[in-house]
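The chain below stands alone and is given in structure tokens; this is the form predicted on its own.
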């Protein structure tokens, strides 16, 4: 153990200068006869030391960040709500520690709830009380209109980064002339598929339509369950939370069923194509998808997928780097493509736009330090490290042409046009601060259809009336 620990310690020391990525550490260790599981254990055990040194993986060392012009903030103390505790937590800890090393500001990372719905409720409670307990918070792409009245204007801070961000996201984050949040990373729903299993069962191409996916998933299930009774065809996010709104909107739009609420505030969800898309998904439950998928969030789906127990998965890009870890049983056995489309009039590929922003609370007692942290986390060097190490999609277009990022995530190059041309957005702008009510009504109804508690057509008719009542308040 001592020899192995020393080997990994030497390799990790090289990561501090940016000379080695986490993936390269695994490769070097394997060449030295150190097993992948042991490497993982030692890397986790050494995470605290990496954070104290101010960097982990490809996060630049403090002396490499002089161009950001960060001020001396010695004596300041701030807190930030970042992701839920899980695979990304050590990276986030290392990033905020690097900020502390550069500026002298003490930063406390607070884990946020995994469920976006629960996180928004937490934020609203804190902000309604004008609490100064949290200085910086990561906010979903759909929340600027909801939280704008509690936010510091970050327009000048974003400009100080001297980078061009995706204009569509900047516009989304701008409410009444105030930049509510600096774009941190963006997202789009994508379809993961097992390349080895497609080849094994003679399936030439990844599914382009939902019909293709159903056929391929069933074919693979029929073959795999003989040896693995737990094998599933397709896993996704079916729990009653915001993630289901993303999935269901993709089904609906991909089948030509509109976007729930149109730009002119017309409630369009009650139409045959939308209803048919929900009925199709209901048919997956207990068929190509497990019964329990109606409770799944992102990590639930990834757990099944990364254990090698699914042929297809709908998820966000973050799962790519995790699946490619050398100790993953599916490493180098999968790829990604666009979310399939339906067969209704106006059918199209519909990848739901996601992503997170850095917002500074107007109730912070250290707004300068909080603003500098938000700027730092959204800067090009940190976004680059986040992309390489955690497969997070940058919000700076130029980074999609970066050779290091494309080496780590070859599929990123195919997504640049999605964000320039427009992935499918949830109707958060048009419904403003009432979006959460619209989304809650939507995912509740869809979950009831998926679980068999309600028939699709009458439940969607009821849903349309609920949303019309909400929209009438605008």
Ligand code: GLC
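All values reported here derive from a predicted model rather than from experimental measurement. Numbering follows the first chain given and starts at 1.
Beyond the structure shown, there is the form predicted in complex with this ligand, which is absent from this document and is the topic of what follows.
Heavy atoms of residue 354 reach within 4.5 Å of this ligand in the predicted complex, making it an interface residue. Of the heavy atoms in residue 316, some are within 4.5 Å of this ligand in the predicted complex. Taking the partner from the other structure, this ligand in the predicted complex has a heavy atom within 4.5 Å of a heavy atom of residue 142. For residue 246, a non-hydrogen atom is located within 4.5 Å of this ligand in the predicted complex, even though that partner is not displayed.
Checked against this ligand in the predicted complex, the candidates 250, 372, 298, 389 yield a single residue with a heavy atom inside 4.5 Å, and that residue is 298. In summary, among the residues 305, 241, 99, 236, the only one with a non-hydrogen atom within 4.5 Å of this ligand in the predicted complex is 241. Of the candidate stretches 336-344, 160-168, 354-362, 218-226, only 354-362 has residues whose heavy atoms lie within 4.5 Å of this ligand in the predicted complex. The three residues 116, 187 and 426 all sit with a heavy atom within 4.5 Å of this ligand in the predicted complex.
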